[in-house]
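The data below hold one chain only, encoded as structure tokens and taken in the form predicted alone.
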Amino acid sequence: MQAGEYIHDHFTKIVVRSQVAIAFTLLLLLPAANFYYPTDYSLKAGIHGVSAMLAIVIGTYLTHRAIPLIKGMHVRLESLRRWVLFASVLNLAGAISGNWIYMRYRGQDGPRDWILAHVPNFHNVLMEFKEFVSLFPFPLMLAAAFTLYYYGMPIQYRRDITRFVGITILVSWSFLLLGFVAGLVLAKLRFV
């Protein structure tokens, strides 16, 4: 039995887009709650949380654009270039805000002191790993954006370069995800 092609009708598109918008809003409310957390560092934590969450969402979306690129399929490069550039800016914002809140983490009576006193292996292994891995997504995404803008539209016919861009996006996303999960574990363990 041969399956026919499924085409979304107008109502289905509205439902799907509404679901995505609701899920995205609820997801973004989680780090936005940091703005109201009773601490002197709520602004720093909120900005870092929101920028990290946006970077994860956009990075995840880009993985769905990277796979066809690796396979050599035709993609809308104009749109992809803008999304990759936007993701680069978000990753930069995440790294800068992460270093901003990191001062509190290492400050006197900060979470680092508490973690070293109670679970030293967590800091010595996971936090040391997170500190470095969280900085990788920005240069990788920037390299992908630079490649897309430098080669322009003819990149569609250069399979080696499209694979490079696609793989770079996927590697960037994997580092982003590792840093994000480690950050969530840290926030669960000891909030700043």
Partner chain sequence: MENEADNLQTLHSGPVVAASLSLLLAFLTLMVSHHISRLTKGLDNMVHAYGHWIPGSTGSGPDGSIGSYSGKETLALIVWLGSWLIFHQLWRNQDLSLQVWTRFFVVSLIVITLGFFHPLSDPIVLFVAGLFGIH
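Not measured: the values here are computed from a predicted model. Positions refer to the first chain, counted from 1.
The form predicted together with the partner chain is left out here; the points below concern that form.
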Val171 near the partner chain in the predicted complex, any heavy atom under 4.5 Å? yes
Would you check, heavy atoms only and a 4.5 Å threshold, whether Arg104 touches the partner chain in the predicted complex? yes
If you check in the predicted complex, is Pro139 within 4.5 Å of the partner chain, heavy atoms only? yes
Does the partner chain come within 4.5 Å of any heavy atom of Ala32 in the predicted complex? no
Every residue in Phe129, Arg158 and Ile167 with a non-hydrogen atom within 4.5 Å of the partner chain in the predicted complex? yes
In contact with the partner chain in the predicted complex (heavy atoms, 4.5 Å), from 159-167, 48-56, 22-30, 61-69, is stretch 159-167
